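So this one's two forms of a single chain, laid out as structure tokens and tagged structure 1 and structure 2.
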Structure 1
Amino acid sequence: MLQAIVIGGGATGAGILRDLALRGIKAALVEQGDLVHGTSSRYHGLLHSGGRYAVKDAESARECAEENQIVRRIAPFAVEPCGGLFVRLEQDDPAYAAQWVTACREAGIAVEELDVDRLRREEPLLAESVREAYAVPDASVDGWRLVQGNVAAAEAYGARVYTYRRVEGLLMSGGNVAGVRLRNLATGEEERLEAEMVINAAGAWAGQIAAMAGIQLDVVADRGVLLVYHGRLTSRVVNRLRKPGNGDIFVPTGSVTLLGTTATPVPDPDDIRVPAGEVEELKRLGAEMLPLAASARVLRAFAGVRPLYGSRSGGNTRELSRTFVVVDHKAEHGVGGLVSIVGGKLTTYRLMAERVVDVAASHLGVTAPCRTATEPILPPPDRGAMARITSLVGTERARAVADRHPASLPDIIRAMEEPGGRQIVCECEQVTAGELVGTARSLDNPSLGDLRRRTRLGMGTCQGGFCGYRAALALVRADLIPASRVPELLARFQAERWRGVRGGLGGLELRAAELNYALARSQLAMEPEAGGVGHD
């Protein structure tokens, strides 16, 4: 029997699984969709320096400052150390800026004041109204790579992962939790997993899981909308130096730039709608820092839901702490076998995992210490493998592929060496047919959305409008799917991409895009409502 089951396949759940495995605890993870389909991939991709929270939330600021350095060290394949800025505009309070500098230094955050005239030459799109600027150790982090790396490391130590399994109930024994009852979304069958401990890391859904054991767990689902701009508008993360608010951060990542975010409490954690008013608000506020944001091309808009710990059902959720809480339900509610973790951020995922596994391990009688802060998640790529892939696609693309697939690079290389394997499928993200096919071979019945999360397919300019077709063709040619599945796969993939495109456009741009989407659907007789398993 398993010793522990982790509910939730985001960054926290994956970090918990790795920590359990490193301590020698026999564990499995269950996730209702694909790994990283929820909150851990629906955010701005910032590895916090802690500066954002320095004045209002010193505990979160210190946690971020410390974990920022740890994540850079243990997961270099997921971090782009681009650096960050905090800029005060003419209309922003100079007294707050002085308070912020003091708070950052007290929290251990490295802050360096920059010469504004020199900064404008380095970041020419910044507004003329910038009056002060400070460098901080912000970075961008790829949530997909981080989770995949943690899961691969855990599996190497014997952990198991079950995706597309929805938790429908908790198994109870003598008033204590003894496992989970699942619905396999691929087969429709019910499955049961028993374990001594269940760790509830379901994020915004954590309250629903706790309720299955008759426990009220206060979780506020806080929806944030973000915009994705074509190209990199800045070379560094740019934060606005004022009290935290909407539209105050730009994060360059991959081939795009993200602008975020808003903060709206919602009653349903599945509510990821993108209100048009919030899109316009983001553009207006973002343009105060980068005027080009008002007219630059927006590729898409999307929303994610933060799982904040607290009981506030409305009002300003920015007043709630961004730190995390571990709830031992045996101590708090008299229900053994269940521990929950709520709140926090992706930047602090490893610390969150350590704290909750400490509690679980004590109940299991395991005394092995946590090693996740000192051991790299995965070893660096083999030199021979890097030489092989560099000879195939060149140095820059080889590095990108190695970062995307740190645990399965040899399989990807073999697929790229096959006939047609070096053919580019996605120009924006430079995804080859070999990378796509090699990734698909490691998955069970993959959707194009599953492949997008692992390769960045369809995340650039065309938003899948061209590369989606090529990807489906590559899968057919490799005998990974029958040709009869192509319309269904494309329908689901393009419907998801289209939701984001529609949310970010307006006026004539939206009408032109509507026409193109309608033509594509009619030519291939695609229906977005097509069934099948997969989170596209």
Structure 2
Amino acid sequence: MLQAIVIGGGATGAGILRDLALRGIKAALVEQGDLVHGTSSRYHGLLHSGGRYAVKDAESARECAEENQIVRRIAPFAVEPCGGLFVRLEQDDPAYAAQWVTACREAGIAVEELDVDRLRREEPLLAESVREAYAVPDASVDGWRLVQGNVAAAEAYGARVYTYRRVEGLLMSGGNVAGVRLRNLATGEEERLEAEMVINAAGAWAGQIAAMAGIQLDVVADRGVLLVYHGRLTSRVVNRLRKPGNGDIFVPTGSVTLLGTTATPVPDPDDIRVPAGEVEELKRLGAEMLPLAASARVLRAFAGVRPLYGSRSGGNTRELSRTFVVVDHKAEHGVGGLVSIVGGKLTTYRLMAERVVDVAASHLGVTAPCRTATEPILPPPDRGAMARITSLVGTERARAVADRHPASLPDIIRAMEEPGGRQIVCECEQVTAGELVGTARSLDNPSLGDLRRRTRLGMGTCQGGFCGYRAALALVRADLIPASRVPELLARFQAERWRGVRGGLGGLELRAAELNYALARSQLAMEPEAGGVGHD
């Protein structure tokens, strides 16, 4: 019998699962889609230094500053320690900047003033109007890898993970929550899981879960649109040094740069539409910091929803705190067996997990302390494995592949060593057939989207136009999917990619998308839906 069920396979849920497992609690995680697909991969990938919240939200700032250091230490495979900048432009208020520096120092954030002329040589695309610049310990973090690492660590301690299961209801026993009723989205069957505790970490969907127990939980789904630029525009994160607003953060990550974000409260957490006006606004605001942002190629636009905790009244979600709240529904609403965690952000996922597991553990009578801050999530990659993969694909690519697959490297290497395993399937992101096949072997009937999140397949220049069908072919050849599934897999994959382009991008990216569309129609007799299903 399970002691705890975690609802939600984002960073928070995965962090909770690992924390539970490390404390010796028998736990399982349920997720309505693939791991990470909801919010933890639909954001800018910034590991906050805390600087962004220093003035307005000191508590969040302090949490970020501390957790930033911890995440770097425990998850080096997921963090690119590129560093960050806060730049004040000519038109921005110098008084705010001064206030910001003081607030950062008080929150324990290491800020260092930089010489603007020197900085311009290092970051040549920065606007001429930069007047002040500060270095902060921002970094970029890959939500997928972080979650994958946490889940793998938890599984090593006996935890279970059930993806593509939608929670349809809570099992109740004498007014208390005693488990979940699930719909297996792959088979359509209903499943039941019983446990002493259910931990609601469903993020933007947390209000819907609480409602199943008749509880009102105020979670605002706050939709943010982001742009993915085709190349690496800066070497460091660039934040605008003024009151947080739209379009004020660039995050370089891997081969792309993300610009975020907007903030629009939406009634439905599944609403991840990208209004064309928000794309234009982001480009215009981004160009104030990096003029090239107005004209550089944007690969796609996408949206995610922030789960903000607070009242639904009042329009400006920027005013809601970015900190998190643990709600013990037994104490608050008299419903036992259910704890919710709402608000927060990816940077503080571990702390959020620690706090909610503290509450759950006390209900379960478990006294083992939290160890997640001190223990690395995964051991560093095995030296022998690194040597093998380096000999296969060279030093730089070996590093990238090892980081992409922190927990399953040996399987990947085995597949890469098979005949044809080193053949490049996705050129833009240099994904080999072996990496794809090795990843797919660990999944049950994977979609191309599942593989995309794990390998970066289709996330580069061609947005899946050329690599999608190559990948499907590689999977069929390796006997991982039946050939009959290929049309449906491709259609879903491409529909999601097109959705990111046709939502309001023009120029080069639209030309590329139309080329892909034409290829699919003329070569594969596909009529993909430009609207797309989303969330793949």
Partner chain sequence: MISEYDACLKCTICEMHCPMLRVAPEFPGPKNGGPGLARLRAAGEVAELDHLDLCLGCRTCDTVCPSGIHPADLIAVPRREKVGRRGLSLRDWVLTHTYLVGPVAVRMPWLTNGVLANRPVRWAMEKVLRIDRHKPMPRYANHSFREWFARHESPWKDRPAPNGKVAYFHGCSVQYMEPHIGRHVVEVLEHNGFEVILPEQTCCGLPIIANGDLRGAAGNGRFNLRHLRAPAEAGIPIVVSSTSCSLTLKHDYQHVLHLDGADVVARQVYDISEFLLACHEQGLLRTDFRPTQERLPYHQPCHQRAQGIGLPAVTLLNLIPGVKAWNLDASCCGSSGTYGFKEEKYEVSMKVGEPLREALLAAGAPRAVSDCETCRWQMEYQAGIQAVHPVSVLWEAYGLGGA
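Counting starts at 1 with the first residue of structure 1 and goes up one by one along its sequence. Here the rigid core means the biggest group of C-alpha atoms that line up within 1.5 Å when the two forms are laid on top of each other. Keep in mind the model is a prediction, meaning the values are calculated, not measured.
Asker: Just to confirm, one of these is the form predicted on its own and one is not; which one is it?
Answerer: Structure 1, not 2.
Asker: Superpose the two forms on their rigid core, then report whether the C-alpha of Leu22 is displaced by 2 angstroms or more between the two structures.
Answerer: No, its C-alpha moves less than 2 Å.
Asker: Would you tell me if Leu510 moves between the two structures by 2 Å or more at its C-alpha, with the rigid core held superposed?
Answerer: Where the cores coincide, Leu510 still shows a C-alpha shift between the two structures that is 2 Å or more.
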